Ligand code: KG4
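Quick setup: one chain, the form predicted on its own, written in structure tokens, and binding and motion questions come after.
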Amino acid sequence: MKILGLESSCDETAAAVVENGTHVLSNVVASQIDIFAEYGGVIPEIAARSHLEAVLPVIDKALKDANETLDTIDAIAVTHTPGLLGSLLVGTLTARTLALLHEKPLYAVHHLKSHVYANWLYTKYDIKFPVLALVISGGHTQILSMPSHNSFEIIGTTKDDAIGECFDKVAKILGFPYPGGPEISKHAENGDPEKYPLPIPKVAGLDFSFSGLKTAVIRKAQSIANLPISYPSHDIKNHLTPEQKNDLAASFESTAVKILLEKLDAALPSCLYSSIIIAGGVSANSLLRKTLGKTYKNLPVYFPDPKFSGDNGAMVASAAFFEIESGVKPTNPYSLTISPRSAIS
């Protein structure tokens, strides 16, 4: 089965053709990073207009790269929740129209489910159930229990900032460009992760909190620069040396990874899991990949290929395939709705 997957939940316009949930025939992503680097973050109205300009050319290229047409594919899948309202609207309206015009079944897919299924975009992976999934991105931080395909239970979530959002905010404090995650990692390579100890938030159960860690970085930076706590965070970067910035980046990254590991360790005894899956944009973090590989030597830990860690259409198509395999019926194109916020189910 060949599925055209569309993704437009935030600032990437993406389309891909995937066969049987694992074989990627094409994967095209039009990123808006260059646009939003100037602003230091995503502006929803601009993102939606950019999707409007890019969506049809991206779909056309994905079909051509796969040597397919809208008539030869078997189904269309699209992200419908969660995400930015205007961005979701562009993707879903496009998918609904194409499904009606070409009489193809339409599948509306949850964004976080797609990130999880990015790990199935490998025929070499043999992921055993039950699975413990850690979804970490700019907008989400959740631990999911996955007993079988297309079955999810949220057992931990963030109480405030998502980890990717925290990376972006800390990078901005240190004067690094957007997006912050790759910049933090780059500067951390030249820093000392033990230089500035940062607190690990005490949150009950398997839930997370990252806003306190962000505040701790601000206070530590103010202290290093001999600035009062009332000093505005946007100007702290001008009072730090490159070495201090590198050490702060390394200390922050190390602490963030420790927080994730602490919660994973706490989740594992709740079930005899056979596999651990890491998903979402932050799964590309090199320190996290290296640390987890050393920590769970007796339990397989799977990461998506870095090119599938961020938002893309291939993961949407893969998730749709396994929904179909699980007996999920197509979505009515006339009644499909979008939701900026919706829990995975």
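Sequential numbering from 1, following the sequence displayed. Not measured: the values here are computed from a predicted model.
Below: the form predicted together with the named molecule, not depicted.
S.K.: Do residue 282 and the named molecule share at least one heavy atom pair within 4.5 Å in the predicted complex?
M.R.: Yes, contact at 4.5 Å.
S.K.: Verify the contact flag for residue 181: yes if a non-hydrogen atom of it lies within 4.5 Å of a non-hydrogen atom of the named molecule in the predicted complex, no if not.
M.R.: Residue 181 belongs to the contact set for the named molecule.
S.K.: Indicate whether residue 137 is a 4.5 Å heavy atom neighbour of the named molecule in the predicted complex.
M.R.: Result yes; residue 137 sits at the interface with the named molecule in the predicted complex.
S.K.: Considering non-hydrogen atoms and a 4.5 Å limit, does the named molecule approach residue 168 in the predicted complex?
M.R.: Close contact exists here: in the predicted complex, residue 168 approaches the named molecule to within 4.5 Å, heavy atoms only.
S.K.: Counting only heavy atoms and a 4.5 Å cut-off, does the named molecule in the predicted complex sit next to every one of 111, 185 and 309?
M.R.: Heavy-atom distance to the named molecule in the predicted complex: all three under 4.5 Å.
S.K.: Could you tell me which of 228-236, 159-167, 70-78, 243-251 sits within 4.5 Å of the named molecule in the predicted complex, going by non-hydrogen atoms?
M.R.: After filtering at 4.5 Å, what remains is 159-167.
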